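Starting off, we have a lone chain in the form predicted on its own, written out as C-alpha cells.
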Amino acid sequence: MAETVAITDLPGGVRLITLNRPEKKNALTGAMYDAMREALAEADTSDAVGAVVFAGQPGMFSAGNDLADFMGHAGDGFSNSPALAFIRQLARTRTPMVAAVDGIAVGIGATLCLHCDLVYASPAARLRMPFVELGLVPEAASSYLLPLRVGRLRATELLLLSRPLEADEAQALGLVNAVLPADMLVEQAIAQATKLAALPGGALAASRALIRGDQAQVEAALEAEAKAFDAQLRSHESQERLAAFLNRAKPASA
C-alpha cells in the first residue's frame, strides 16, 4: 500500500512533502497530519534540509480534513487532535516552505498556503475555506493572516461565505506568486525552494522572520481559533452540519 504522505529529500536541500491519497482527493487523516508534522519538525533540526515543498496529486492539492476520520476522534476535542498539532508546527516552522497547488485546496489545503513563503498554482487551482458553513470557525490563524493579506472585507467574504477563489484571482490578491501550467508547477516550486535553500542560512532566517512579522500575534490567533473551534465542534449546529455533509458524501448504496 502506497504511503498517503510521501517524504522525499531531493538534491539541493529540498524536502518534498507529497500528499498521496488521490482516491480521497488527498483528504487528510490523523496519520497524514502526524507525518507532515514530523517532516517539518525534522526539517528544522536538519542541516541537510533548507526548504520544504508541499505538493499533491495532479489535479488535486487537498480536500481538507477527512471528516469521517476527524469525527471518529472528535470526542477527544480539537485541542488534542493531530490536525492542531500539525497547524502549530506549521506556524512555528523556521524552514522556508513553498506550496505547489494544483486543483482543489479546501480548508487546511487553503489555509496551509498562508504559512508558506512562496505559493505557485496551476490554472485549475481553486481555494475554498468552508468552515462556517460546517458550523465551525477558521483555523491555522487564517482569521488573522487572511485579512492582513487581502483586507477585512474580502477576507470576510472568503471566510464567512466560503466563496471559492480561482487561481488568477488568488494571484491578483497576493495569495499566489504565479499561475503556471500544471506540468511545470512542481518543477518550479522545487526550483524556487532550491534557491532558498542555497542562501546564507543566518541572513535567510533573519529576513524571513522580518518579512513574516509578529510571530506571537500569529500564534495567539491560532490558539484563539483552536479554542473557538473546539467549542463549535461540540455544538449541536456543528454536529448537525457535519453529519449532513458525511451523509451526502456516502454512496447511495451505503
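Just so it is clear, the structure is predicted and the values come from calculations on it, not from any experiment. When you see a residue number, it is the position in the sequence shown, counting from 1.
Keep in mind that the form predicted together with a small molecule is not shown, yet the notes after this line are about it.
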I have A63, V106 and L134 flagged as a candidate spot, so tell me whether each of them has a non-hydrogen atom within 4.5 Å of the small molecule in the predicted complex. yes
Using a 4.5 Å heavy atom cut-off, state whether R15 contacts the small molecule in the predicted complex. no
Within 4.5 Å, heavy atoms only: does P130 come near the small molecule in the predicted complex? yes
Using a 4.5 Å heavy atom cut-off, state whether E237 contacts the small molecule in the predicted complex. no
Using heavy atoms and a 4.5 Å limit, would one call A41 a contact residue for the small molecule in the predicted complex? no
Can you pick the stretch from 191 to 199, 204 to 212, 48 to 56, 23 to 31 whose heavy atoms fall within 4.5 Å of the small molecule in the predicted complex? 23 to 31
